[in-house]
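Heads up, the chain below is alone and in the form predicted on its own; it's given as structure tokens.
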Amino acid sequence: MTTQLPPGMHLETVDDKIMTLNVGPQHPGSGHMRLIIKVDGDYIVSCDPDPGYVHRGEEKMAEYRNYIQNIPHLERPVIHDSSNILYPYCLGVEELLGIEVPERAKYIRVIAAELNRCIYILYWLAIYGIFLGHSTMFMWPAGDRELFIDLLEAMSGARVTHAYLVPGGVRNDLPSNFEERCLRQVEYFEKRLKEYEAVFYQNPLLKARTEGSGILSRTDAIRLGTTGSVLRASGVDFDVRKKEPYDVYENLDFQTIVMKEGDSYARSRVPYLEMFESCRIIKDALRKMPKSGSVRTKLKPNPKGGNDEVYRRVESGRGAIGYYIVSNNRPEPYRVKISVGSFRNLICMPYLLKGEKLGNMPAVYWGLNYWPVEADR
């Protein structure tokens, strides 16, 4: 017996069986953005990212504040990696104003940047764990990041938005006995980090959902302009700290983590392995840092840049982040433009999700190391 469909239920064309889903912007798994996804059954036909829900106008605000006043608000797009988003701004302003940074301050900056890198990656990893239904991998990184938050609180006086890096150096020197405390907590974290391997990265459910999923070839990673862990997970050996070293990175011992698979598993693993390298950098910087000396070059009130422009970039937790700053003989910059890794990595999302199962979407999406607030800035 043939079933008679009600009027309007007949599939006239192929498009009639395509369903459009809105993931976000209120969905907790979308991260303050929207993904317009079309599915054919369980398979994704297309994905159209729709960012912009957390735009804050950072670049325009920077034109109305002087070079020092810009520090607190520029770290807001990535409050859990505030040292790294401020780093290129400080480097650029120092070049415009002709400021020489004291040697001790350079090492302290590197330590703060690597502590913040671990804080960001642990936050990212915690969200990645809960995206895949692994509640232990949410609680462990969320708890372990307190080790680094406590250290940055001791350095800056603030637990989240530190505003610690400033043009000329850092705001204040390290507290007494900081080196011993930092070394002790970093060494403990290295031991703790090894436990993640068995609990999460060797978990058969994680491997089943990520290995061979969302493959980004080396050629496509370069062609689409990806950066950071996304680029290195596709076999491209590029890290700004190695290729364009700034401050004292050329004096420190660390390796660039590169994987060749280019799938979601590789993109989840590269940031994890990079935390071991961050610990190496911190310990090496503590050994080589001058034990005393100035930590900040004193600036004149309302310093003015000349008629000049500069571009400086660093390696953040999400990839290369750079500032293009234009000066016109005023205490405020004429123009500030921020190039962030999150926006660059967003470009490849439609390519990777097409043809994937809907259930793999969270792993592919979050593996791109995309932070919506930074991308919208």
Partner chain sequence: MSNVIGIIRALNSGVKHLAIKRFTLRYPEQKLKFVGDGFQFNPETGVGIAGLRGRHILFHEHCTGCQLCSVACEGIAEAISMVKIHETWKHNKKAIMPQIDYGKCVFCGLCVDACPFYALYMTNDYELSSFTKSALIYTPAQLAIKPNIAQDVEIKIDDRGASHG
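Numbering follows the first chain given and starts at 1. Values in this document were obtained by computation on a predicted structure and should not be read as measured data.
Form predicted together with the partner chain: not shown, discussed below.
May I ask you to choose, among Tyr246, Trp140, Tyr123, Tyr272, the residue with a heavy atom within 4.5 Å of the partner chain in the predicted complex? None of the other options qualify; the answer is Trp140.
Contact residue in the predicted complex, chosen from Arg287, Lys304, Arg192, Arg223 - any heavy atom within 4.5 Å of the partner chain: None of the other options qualify; the answer is Arg192.
Although the partner isn't part of this model, could you tell me whether Asp150 comes within 4.5 Å of the partner chain in the predicted complex, counting any heavy atom of the residue? Yes, Asp150 lies within 4.5 Å of the partner chain in the predicted complex.
Proximity of Ile68 to the partner chain in the predicted complex, heavy atoms at 4.5 Å: Yes, Ile68 sits close enough to the partner chain in the predicted complex that at least one of its heavy atoms falls within 4.5 Å.
Does Lys291 reach the partner chain in the predicted complex if we count a contact as any heavy atom within 4.5 Å? Heavy-atom contact with the partner chain at 4.5 Å: absent for Lys291.
For Arg109, is any heavy atom within 4.5 Å of the partner chain in the predicted complex, or not? Result no; Arg109 lies far from the partner chain in the predicted complex.
Counting any heavy atom within 4.5 Å as contact, can you tell me which stretch out of 233-241, 253-261, 111-119, 150-158 lines the partner chain in the predicted complex? Comparing against the partner chain in the predicted complex, the contact stretch is 150-158.
All three of Arg171, Val199 and Val295 touching the partner chain in the predicted complex at 4.5 Å, heavy atom to heavy atom? Every residue of the spot touches the partner chain in the predicted complex.
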